[in-house]
Ligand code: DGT
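Listed next as structure tokens is one chain, alone, in the form predicted alone.
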Amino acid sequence: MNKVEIIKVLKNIAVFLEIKGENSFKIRAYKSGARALERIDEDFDEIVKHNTVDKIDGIGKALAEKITTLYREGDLPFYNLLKASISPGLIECLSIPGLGGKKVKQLHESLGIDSIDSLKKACLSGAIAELNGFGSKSTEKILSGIVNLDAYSKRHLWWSMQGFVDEIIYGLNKLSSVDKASVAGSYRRRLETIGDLDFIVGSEDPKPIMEWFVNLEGVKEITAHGSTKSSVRFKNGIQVDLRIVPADRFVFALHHFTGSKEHNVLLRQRALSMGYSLSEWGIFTKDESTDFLAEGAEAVETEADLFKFFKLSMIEPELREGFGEISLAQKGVLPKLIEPCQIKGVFHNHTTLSDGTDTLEAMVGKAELLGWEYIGFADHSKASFQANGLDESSVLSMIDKINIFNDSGVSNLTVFSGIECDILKNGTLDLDTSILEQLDYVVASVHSSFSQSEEEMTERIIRAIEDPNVTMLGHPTGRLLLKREPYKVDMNKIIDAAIANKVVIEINANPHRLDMDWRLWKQAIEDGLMCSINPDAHSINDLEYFRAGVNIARKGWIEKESVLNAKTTEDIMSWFKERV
């Protein structure tokens, strides 16, 4: 296991011990051990290699042995036995926001709750509202969490499906009877979450392809098995549909099963207005047989050809949502969407100074491999005490460290000094202005008091935006996809305030956030908002998240001119100083 995975296990052990009612000292030891690993600046691999884990402040000999075992074996019998001793239903209850180990223990001991179903019944009966420490508001939040959990279980993060999709495409392309193959649907449109997966294959010999598909490793259930369409459900819960069409109809099927319903309706309407009908089988003269393609349709070999047939410029898959792309494609004025290769650096990143798991030097090394010109660090500020946030003196030390690093010449990258500063309940920032003024930039974010009313939250964030030290607004709605709903906030007012104060709003590229939502960007960019695609990285691997952010930027119709971190180092320096 790597350090991030070990930290997760230690935190889980602490929660499981809370459920079992173990003594607070033992629980605290695992929590402290997790925090200690988050804080270390040294190379963790080297620490384990030299058997010096017990030298880390906050980690004793017994815990060091468990950490070493996890690192070397990828498994820990103690953890497995502990988890097995707790009802799976109780562990499932931990997935409800606001329910930690102590509260789950209380619910179990007081009301006998041992599953989501019994938790729901206790909420509806009013039993939980009467418990000490809960009440009616807690009951409402739990019920809302249960509803969301059910909805979330039916969807999957786009990011988490990449390897799975690549394996299926790779396998299809190895089959001799496959002429063409592609994923389609919401995955190809790069939606942030997906309900199922659609694959389209062009072939004149579908039978061996279907046999291969339904017998794939990991298939849990075959829900349909036909000669040209089959549906299966995998053990990971995802439903996958495979459609096979003749090779000369592949492009029509790919377009049809990629576009949203709204996009397809609009394109079919355009086809009708030109005297044609369009379907997954091809382009036909209106009201005539679908056995024969319309004149000129046989030359359609790519989706670009298909759009050209209807006198449209190419519409990228990400834009096929029915947001006006057809009318703009007719005029030839669709945006030239941002590309991953145009990103020159990122700004919202965390190191071991707060809750990151890798050092500044390690993060710079990864940024170099990504080919970037610069990287900025925005560790947490002091109000985020749970994330080991930095106080004023620590911020000054960090600035000195970054200056020394830049002056050393050990890297061609420029390192920018920043902070992710907490927006307090009243809209003020948790660090003094005299400190913030010494940083290159400030990312202001909400990390607490999510239950404020929409008016209160909106006023709170706008007040922070109006602070002259604030450069960027971080994860503006606080959502965690498939985990937590956004807090109530009027994003139109937030966007207007950001534009007026020349504050950037980020696309937080963490696959669980992807916030600000892509549906808001098209109009915001037209109104003059500047975007920054930030991975919110807490490790070197997390820096790769920027690619998910580029997906969302593309869905939001964003071009590189509206992306702060598509600028050169010199332009970034000027922008930070002048905000123009």
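Position 1 is the first residue in the sequence shown; the rest follow in order. This structure is a prediction, so every number in the text was calculated from the model and none was measured.
Beyond the structure shown, there is the form predicted in complex with 2'-deoxyguanosine-5'-triphosphate (DGT), which is absent from this document and is the topic of what follows.
From the list 196-204, 224-232, 94-102, 414-422, the contact stretch for 2'-deoxyguanosine-5'-triphosphate (DGT) in the model of the complex under a 4.5 Å heavy atom rule is 196-204. The listed set G478, G427, P335, G185 contains one residue whose heavy atoms approach 2'-deoxyguanosine-5'-triphosphate (DGT) in the model of the complex to within 4.5 Å, identified as G185.
In terms of contact with 2'-deoxyguanosine-5'-triphosphate (DGT) in the model of the complex, the residue from K286, K83, R268, R484 that brings a heavy atom within 4.5 Å is R268.
Within this chain, G474 is remote from the site of 2'-deoxyguanosine-5'-triphosphate (DGT) in the model of the complex, having no heavy atom within 4.5 Å. Though the partner is left out of this view, S177 does not reach within 4.5 Å of 2'-deoxyguanosine-5'-triphosphate (DGT) in the model of the complex, counting heavy atoms only. Looking at S260, you'd find a heavy atom of it within 4.5 angstroms of 2'-deoxyguanosine-5'-triphosphate (DGT) in the model of the complex. At the 4.5 Å threshold, heavy atoms of N264 reach 2'-deoxyguanosine-5'-triphosphate (DGT) in the model of the complex. Contacts to 2'-deoxyguanosine-5'-triphosphate (DGT) in the model of the complex (heavy atom within 4.5 Å) from stretch 142-163: R155 only.
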